[in-house]
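Here you get one chain, nothing else, as structure tokens; it is the form predicted on its own.
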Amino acid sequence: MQGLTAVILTGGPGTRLQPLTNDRPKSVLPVLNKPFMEHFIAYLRQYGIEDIILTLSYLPDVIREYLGDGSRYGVRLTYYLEEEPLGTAGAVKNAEAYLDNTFFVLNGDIFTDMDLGDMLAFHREKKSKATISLAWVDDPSAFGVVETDGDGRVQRFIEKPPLAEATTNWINAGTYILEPGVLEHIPSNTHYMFEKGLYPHLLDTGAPVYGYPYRGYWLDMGTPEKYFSLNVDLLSSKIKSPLVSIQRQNGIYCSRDAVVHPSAVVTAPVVIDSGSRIGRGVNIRGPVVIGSGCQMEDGASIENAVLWNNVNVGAGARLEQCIISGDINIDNNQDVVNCIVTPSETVPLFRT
């Protein structure tokens, strides 16, 4: 797969992820203490994909300043900024000058371990012009479903069908392989979507469009609940990231310069990052992710939580089922349960 290019659609402001994305794009939200996009780049890198294009719209400078030219990750990054929203296909059309060979397009919200090499082999075997990854879900009503024939050739697309009317549970999983010729069908400087524009058009013209079914791990990190689940799944080794090669002792990883008081009780799975200090009698019950520079005062209790960098948890405080963003102070004896806490607001994590 050397020499192939991947386009990552980083998307808009991620309104469904608010308040986590109030001041930062979802691409740099910390996942196991590493920005999400670093995991994504490492995933592509393991398949030999070194030329990566990122389409930007929301807080683009934050992404560019953090990722740079990609050299520290062993890839070459090119950025295309959308002055106005162009849609999924329009954003790729914007990068047409770099796309003169078979290329991948990936939704920047998705975390998966799908074998891109196998998908490419399928694409070439079928002589497809566009291949769409498909994931099986129990309830397809919140997604776009894709009907295929016995050979995998796409027959039609149905957007968010009621559960009782869904004819298939295979949904568009947000990873595509395209031949450069399909870009001719996308209008320039126009809002245009793959799902409602390009793919139905290709079917109308008789072009071969195939669905590649995949039943492994697939998660759309589009809500705080799913973001939380991704951290837990990685921490529990339900899914692995090529970016994470840490060795845990009994399911616990503690950075060398973190300090844990001998009386503290830490129950796996837990990650404690650099510079954090765990005080006397603290009880940490995983799954818990603790970012760098955090301070857990004496007698604090933390369970089923994700803490970003520089979080101070007061003595006797209790955190359970929560996400605490960076630079937050939790008062002594404060209870924080089923919450997302950011500098601007506190909202429920899981809504009932």
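Residue numbers run from 1 along the displayed sequence. Note that the structure is predicted; figures quoted are calculated from it, not measured.
What comes next is about the form predicted in complex with guanosine-5'-triphosphate (GTP), which is not displayed.
- Of the candidate stretches 120-128, 85-93, 206-214, 224-232, only 85-93 contains residues with a heavy atom within 4.5 Å of guanosine-5'-triphosphate (GTP) in the predicted complex.
- Of the residues Cys322, Leu56, Ile284, Leu29, just one reaches guanosine-5'-triphosphate (GTP) in the predicted complex with a heavy atom at 4.5 Å or closer; this is Leu56.
- Only one of the listed residues (Asn107, Ser276, Thr112, Thr148) places a non-hydrogen atom within 4.5 angstroms of guanosine-5'-triphosphate (GTP) in the predicted complex, and that residue is Asn107.
- With a 4.5 Å cutoff on heavy atoms, Thr15 counts as touching guanosine-5'-triphosphate (GTP) in the predicted complex.
- Met193 belongs to the set of residues with a heavy atom inside 4.5 Å of guanosine-5'-triphosphate (GTP) in the predicted complex.
- Among heavy atoms of Val341, none comes within 4.5 Å of guanosine-5'-triphosphate (GTP) in the predicted complex.
- Under a 4.5 angstroms non-hydrogen atom cutoff, guanosine-5'-triphosphate (GTP) in the predicted complex has Leu9 among its neighbouring residues.
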